[in-house]
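In the block that follows, a single chain appears as structure tokens, in the form predicted on its own.
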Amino acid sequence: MTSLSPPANKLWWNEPIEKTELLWISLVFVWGLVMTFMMPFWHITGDQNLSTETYRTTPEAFLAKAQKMVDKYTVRKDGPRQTPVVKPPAGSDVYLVARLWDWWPSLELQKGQSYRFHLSSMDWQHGFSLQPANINIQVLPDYEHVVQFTPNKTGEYSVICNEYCGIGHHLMIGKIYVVD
């Protein structure tokens, strides 16, 4: 029998399985089990998966919380758009607003201190990508996402929208300054 001619016996399921085929089937099955058990293992032991809290909110309520933080902790204005730079106390809640085509406000954080980032969108779905920390979250309107973040090195971090949100998407870059 070849692959071009049909088998003489049409009941193919009664044919014995060849050893090489059985070997490949066994390898695929074992690899599938390994990958299935690795997912919960890496979620528990790995640093790449964030366990976030998510709450329902409204854009108005979230913006009010962010504005209150900006009014209380602004230390300077930055850039051509005069974006406020906020320096909240270590361990506090930090509110970051996503809107066409802006991350608002900029932040100044202490190295080695933990912060709870509260993220929400005012309009469309945006992607929160914090580089070089490599934190990625989808930010949706009407939801408040809370992420724990501890910067481990000083410098300038970029907050990039990695979910296409319109013609000004490439301009949607926020700043986080980490100082000693």
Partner chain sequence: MSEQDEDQIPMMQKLLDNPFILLFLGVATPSLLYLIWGIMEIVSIPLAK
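Positions refer to the first chain, counted from 1. In this text, rigid core is short for the largest set of C-alphas that superpose within 1.5 Å between two forms. Given the structure is predicted, the values throughout are model-derived calculations rather than measurements.
Here the subject shifts to the form predicted together with the partner chain, a form of this protein not shown in this document.
Student: Is residue 67 a contact residue for the partner chain in the predicted bound form, using a 4.5 Å heavy atom cut-off?
Tutor: Contact with the partner chain, no.
Student: Any residue of 15-40 with a heavy atom within 4.5 Å of the partner chain in the predicted bound form counts; write them all down in order.
Tutor: Contacts from 15-40: none.
Student: With both forms fitted on the core, give yes or no for whether the Cα of residue 156 moves by 2 angstroms or more between the shown form and the other one.
Tutor: Comparing the forms between the shown form and the other one, which are aligned on their rigid core, residue 156 does not shift its C-alpha by 2 Å or more.
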